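In C-alpha cells, one chain follows: the form predicted on its own.
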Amino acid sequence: MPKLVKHLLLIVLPLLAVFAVAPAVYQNHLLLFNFVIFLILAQGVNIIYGFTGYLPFGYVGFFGAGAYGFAIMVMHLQMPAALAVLAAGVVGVVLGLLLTPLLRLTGAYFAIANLAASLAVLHLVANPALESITKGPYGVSLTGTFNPTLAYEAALVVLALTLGAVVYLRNSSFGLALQAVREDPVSAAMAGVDVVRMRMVAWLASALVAGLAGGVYAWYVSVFYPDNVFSGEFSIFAIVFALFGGVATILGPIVGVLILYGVYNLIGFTTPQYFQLIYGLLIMGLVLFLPAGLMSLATRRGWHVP
C-alpha cells in the first residue's frame, strides 16, 4: 500500500469511527462532543510531550485562552463564529510565544512553571477590573452564536487537522529530529539539529491545537465561566489519556481516550464513589507494568505501531 494512502487512512479511519460508532455509544450529544475535544487535546499533548518530552501540566491555559479569544472576538468584534475559532487558535499561539522562555526549563521544573502560567492566565481573565473585556469572574454568554451542530462539525475539522499534524510528525524527518532532541538534545545539536527551533515549533503547534479546541468548545457551550474553561481536569485527562495509550504514536492517544473516557462515562456518573479508585488502579498498573502505554504491548510483539 502506498505510504500516502496509509497516512490518509490514519486520519480518515478515526474520523469515520467518530461519525459511525461514537454516536451509538455516546447518545448524549454533549458527551459525544467532549469525546472529540479530548481526542484533540490528547493529540495536542502528544505533539509536545510525545515528540519533545515536555510534560505540560498547564496545557489547559491554551485551551482557556482560546475559549476567551473566541468570546472576545464574538462579543466585541461581532466576528462570525467560524472565523472566531481561527482567531482562538491564533490566541493560543500568541500565548505560546509569550511563554517560550519556559522551554529553558526541563522536567518537573517545566511542568510546574507551565501549571503556574496557566493559573496566571486564569486570574488575569477572571480579574473584575477586566469585566468590560472578558466579563471577569461573572461568566460569558454567547447565546447569539449558539449552534451545537456547527460547533461539533468544526471540532471534527480541528480533529482532522490535528491528526494530520501528528501523522506528519510520526513519518517525517522533522518528527524524527524532534524525537532525537527528546532523547539526547546535546547529541542532536552536534548532529546539526536546531534544538531551540524544533522545540519551539512543537510547542506552538500544541498551543495552536489547544487554542482551536478552546474556540470550538466556547462555540458549543456558549455560556461558561473562567473556572470552567481553565479547569485542571482538561490538562489531567488529556495527559492521562495520551500516556495511557502511548505517546509519540498516532493511535496511542486515540486508544487512551476510547478506553478511559469510556470508563469515565460508564462509572463516573453511575457509581462515582468507585470512579477514582478504578481510575487510580488503572494508572498505577500503567506506570508499573506499561510505562510506555498500551501501544508498547504491540511493539513488544514486533508489530509496527503507527
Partner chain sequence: MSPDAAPILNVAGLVKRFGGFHALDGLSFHVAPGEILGLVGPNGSGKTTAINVVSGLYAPDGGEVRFEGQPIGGLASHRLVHRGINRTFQVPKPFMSLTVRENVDVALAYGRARTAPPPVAQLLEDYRLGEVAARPAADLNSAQQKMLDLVRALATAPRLLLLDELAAGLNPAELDWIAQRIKALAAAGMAIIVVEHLMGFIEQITDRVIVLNAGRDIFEGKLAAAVKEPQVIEVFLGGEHAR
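Numbering follows the first chain given and starts at 1. Computed from a predicted structure; not experimentally measured.
Beyond the structure shown, there is the form predicted together with its partner chain, which is absent from this document and is the topic of what follows.
Peer 1: Which of 149, 132, 187, 143 has a heavy atom within 4.5 Å of its partner chain in the predicted bound form?
Peer 2: Contact with its partner chain in the predicted bound form is made by 187 alone.
Peer 1: Which residue, 228, 171, 179, 100, has a heavy atom that falls within 4.5 Å of its partner chain in the predicted bound form?
Peer 2: Answer to the contact question: 179.
Peer 1: Within 4.5 angstroms, counting heavy atoms, which one of the listed stretches 179 to 187, 230 to 238, 133 to 141, 81 to 89 is next to its partner chain in the predicted bound form?
Peer 2: Going by heavy atoms within 4.5 Å, the stretch is 179 to 187.
Peer 1: Taking the shortest heavy atom distance, is residue 221 within 4.5 Å of its partner chain in the predicted bound form?
Peer 2: Residue 221: no, not in contact with its partner chain in the predicted bound form.
Peer 1: Indicate whether residue 198 is a 4.5 Å heavy atom neighbour of its partner chain in the predicted bound form.
Peer 2: Looking in the predicted bound form, residue contacts with its partner chain include residue 198, since a heavy atom lies within 4.5 Å.
Peer 1: Going by a heavy atom distance of 4.5 Å, is residue 77 a contact of its partner chain in the predicted bound form?
Peer 2: So residue 77 does not count as contacting its partner chain.
Peer 1: Although the partner isn't part of this model, could you tell me whether residue 154 comes within 4.5 Å of its partner chain in the predicted bound form, counting any heavy atom of the residue?
Peer 2: Output for residue 154 is no: heavy atoms all beyond 4.5 Å of its partner chain.
Peer 1: Within 189 to 221, which residues come within 4.5 Å of its partner chain in the predicted bound form, counting heavy atoms only?
Peer 2: Going through 189 to 221 in order - heavy atoms within 4.5 Å of its partner chain in the predicted bound form - the hits are 189, 190, 191, 192, 193, 194, 198.
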